[in-house]
Structure formats: C-alpha cells, structure tokens
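Below you'll find only one chain, the form predicted alone, shown as structure tokens.
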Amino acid sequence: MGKEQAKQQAGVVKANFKKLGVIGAGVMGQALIQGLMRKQMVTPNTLWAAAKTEASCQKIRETLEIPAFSNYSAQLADTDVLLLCVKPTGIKGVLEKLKAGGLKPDTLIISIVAGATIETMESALGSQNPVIRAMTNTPCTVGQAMTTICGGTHATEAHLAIAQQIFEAVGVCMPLDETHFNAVTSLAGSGPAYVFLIMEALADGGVRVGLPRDAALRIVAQTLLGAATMVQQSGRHPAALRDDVTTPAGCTIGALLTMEDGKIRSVLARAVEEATKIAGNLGKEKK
C-alpha cells in the first residue's frame, strides 16, 4: 500500500492547492474550514478567512486559530482557491472587490451563494478565472452535507475534482447541471428546515400521547436517521420500505391515512415548488 492510499484510508486527503481563502466565514464558511482541517487538506499556513468586521475576524482567529481579515485584498495574489460563502446580497460587492484587487488569473472561484449564477459571476469578474457553482447545506457542520457542483466556462475536470474534494470533506458531493440549481436550493439548501419542522411536529405528537419531550425528540431523531440510512444503503424505493412497516389493520396504516387526509404529500411537494420559485429570484436586483 502506497503512502497516498494509506493517507486516504486514514481519512487524510492530499489537497491539490497551495493556499485557500474563505470569504464569508460565517456558519457555512467555518463549517467548511473545519471539515477541511479535519481531513488535513489545509493547515493554518495554507488557509485564510475573511469576515465583514474586525470583531468577527478576531473571533475566527481565536476559535479556529487561522489568519482572518476584514480587508483581504493583499491575500489574493498567492491564493489558488477562493470559497465564496457570503449571503446573496453580498456577492455583488465581493465580485467587484475581486475584480479590482489583484486576483490571479488562474485562481479557482467556488461559490456556495444561493441565486448567484455562473454567468453572473463570470460577467462580474470579467476574467477567465475558472468558476464553480456549488449548493450545499447546514449538515456540513456535522459532516453530513449534500452538495452539488457545476463548472463554468473556464472550469476543467481538474477544477471540478478540487471542488468535489473540498465538499466531500463535509459530506456527499455530486456534479449536476446548473439548470437544476434552483431546485437543489429548495430541496437540499432549505431541506433541513423542512425536516426540523417535521421532527418538531412528530415530537409534539409523542408528547401528546404521554412521552417526555426529551425522550420523544430523541426517538424521532434516531428514527429519521435510521430511515434515511435505510434508503441510502438498501437502494430500495421509500414506498417499498414503507410497505414493510405497514401491516394490515395496524396502527401505521391508520397514521398514514391521517397524514394523507392532511395532504402531507402535496404540501411537502408544493413547499419545494414554492421555494424553487423564490430561489430563482435570489440575488437579483429589485427594480
């Protein structure tokens, strides 16, 4: 077994870049940083972060023990990969600053900003920098993110491989055409919120029939985790797995029919549809 293979089996992945910067080191940005550091893909010497205020930067320095800057222009000249993790309203200003401030022509730009299209970013940069658009979600904080990536005009397979390497440090990553990204935003990006609401409702049901709230919530969380794992590992359709639980004249079928009376299937599907419409308007300037 070679050293590289041994490292990968031990969870250590060799990075294909020398220096990485994270602009917008909030919850998502810091989660990505921590994932990369856990995988030993970066070190404090090969990583820097940027935040809006000096107070935020100081907190990042203390928490993550990495360099952090509110003015990051001087860091661009030797940075190979930039992760943009700002809010949709902040992407325009960041792109303008990158265009004006010494960005290397081969620096890879990876954006997780909802609503910021590849065309928008490439046009704003006005350069031939490779751009990759990604959509991830908050479970990256526990290493269970679902991320999709799509390369722009100047992005090569090697650039996509770097992006995949980065996001696999915090979960699962797959390539997907950009035409689907509004749907991915609504399903993966917003999806954890839907699940949290469902968890809360199920726990409330447990409390209603006599369970202590902490016990109800623990049971719900583990049950959802187990069910999701079964879908992933079995390769079977959720409907087939549901049928396994639904015995004739049992309590499960009674509960399922009650949910169908409340149009739960339609409500969840329509929620994704509505969120997709909103995602299509994120980052657009209001007229």
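We number the residues from 1 along the sequence you see. All values reported here derive from a predicted model rather than from experimental measurement.
Beyond what is shown, the protein has a form predicted in complex with a small molecule; the following relates to that form.
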{"item": "Site check Gly26, Ala50 and Ala114: each within 4.5 Å of the small molecule in the predicted complex by heavy atom", "value": "yes"}
{"item": "Residue among Val81, Val86, Cys150, Ala169 with a heavy atom within 4.5 Å of the small molecule in the predicted complex", "value": "Val86"}
{"item": "Among the candidates Ala145, Val94, Ala163, Ala155, the residue which, in the predicted complex, approaches the small molecule to within 4.5 Å (heavy atoms)", "value": "Val94"}
{"item": "Any non-hydrogen atom of Pro130 within 4.5 angstroms of the small molecule in the predicted complex", "value": "no"}
{"item": "Thr138 within 4.5 Å of the small molecule in the predicted complex, heavy atoms", "value": "yes"}
{"item": "4.5 Å heavy atom contact, Ser56 and the small molecule in the predicted complex", "value": "yes"}
{"item": "4.5 Å heavy atom contact, Tyr72 to the small molecule in the predicted complex", "value": "yes"}
{"item": "Which of 130-138, 213-221, 171-179, 197-205 lines the interface with the small molecule in the predicted complex (heavy atom within 4.5 Å)", "value": "130-138"}
